[in-house]
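Presented below, as structure tokens, is a lone chain in the form predicted on its own.
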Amino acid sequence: MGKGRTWLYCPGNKPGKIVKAGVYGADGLVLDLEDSVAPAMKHEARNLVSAALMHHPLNGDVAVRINGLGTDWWEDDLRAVIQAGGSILRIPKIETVEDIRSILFLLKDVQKKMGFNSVRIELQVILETPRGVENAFSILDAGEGFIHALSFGAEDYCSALGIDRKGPEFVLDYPRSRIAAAASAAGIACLDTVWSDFSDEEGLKKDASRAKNLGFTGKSVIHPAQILSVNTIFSASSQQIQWAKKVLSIGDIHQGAVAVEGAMVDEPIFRRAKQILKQSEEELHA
């Protein structure tokens, strides 16, 4: 759980959309209690999402994005999701070690009171501010193994720095690189920010390709029409798979570097080939 190429956001106060969300081909769903739900609808959305988790099995992995720590809703959100059987929590606007410790304190308390400390709970932590991005490594270190994915939230980050989200492609290279490096060091998934203009497919493709080339493993989407393009970009290509098979066909790499198609292959390249084939196998079963 917690991986996947595409994670489709679905408003938590729209039962019709929740029921249909699993048929579009995303690897994961994010039932949203935060930005897509107006304050007056927070309680109703929480009840609807809890009911969906308990009574309406959905295809693939299902995460719930709760409200942020600076709100009056996050504690009740967390309790409700765990009590309804949810196992993946997406946590917005995490900035510090203290933030993640607050989440873990309540999470463990809820689990203890419910008597199932052994149940596997996964956190997807969204870094959306300059401080959160800078603290990516320390936040993961404090996560006690509960964090299974880092996610980037570009809109708040751009707002904080006055960045034009649709400016030059390189404007988000720094936060993306830092987040991807932290996720890779921890051996977890790294999910890119949404592309909010779902009518701009070319923009989406460029944005997703940039993120992949900086080390991201997947991307969140806000519309079913975005799923196919993102799945394709974050999948191993047929050329990559053929190359990986040729590299691995040499067998033992421990005797030193060897040549494959005119290029030298050593241990890091060998590991990369293994990763590509493992990824392609996972995609076949997604």
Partner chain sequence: MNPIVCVGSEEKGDVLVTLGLQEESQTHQIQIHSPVRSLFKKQQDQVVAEMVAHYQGSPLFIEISDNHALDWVLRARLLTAFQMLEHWNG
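It should be emphasised that the depicted structure is a prediction, and the values quoted were computed from it without experimental measurement. Positions refer to the first chain, counted from 1.
The same protein has a further form, the form predicted together with the partner chain, not shown here; the description that follows concerns it.
* Scan 52, 230, 37, 26 and let me know which has any heavy atom within 4.5 Å of the partner chain in the model of the complex. => By the 4.5 Å criterion, the partner-contacting residue is 52.
* **the partner chain: the contacting residue among 48, 247, 69, 222 in the model of the complex [heavy atom, 4.5 Å]** => In short, 48.
* Asked: Is the gap between residue 268 and the partner chain in the model of the complex 4.5 Å or less for some heavy atom pair?
  -> Contact with the partner chain, no.
* Verify the contact flag for residue 18: yes if a non-hydrogen atom of it lies within 4.5 Å of a non-hydrogen atom of the partner chain in the model of the complex, no if not. => Yes, residue 18 is a contact residue.
* Asked: Relative to the partner chain in the model of the complex, which residues of 26 to 43 have a heavy atom no more than 4.5 Å away?
  -> Result: 43 alone.
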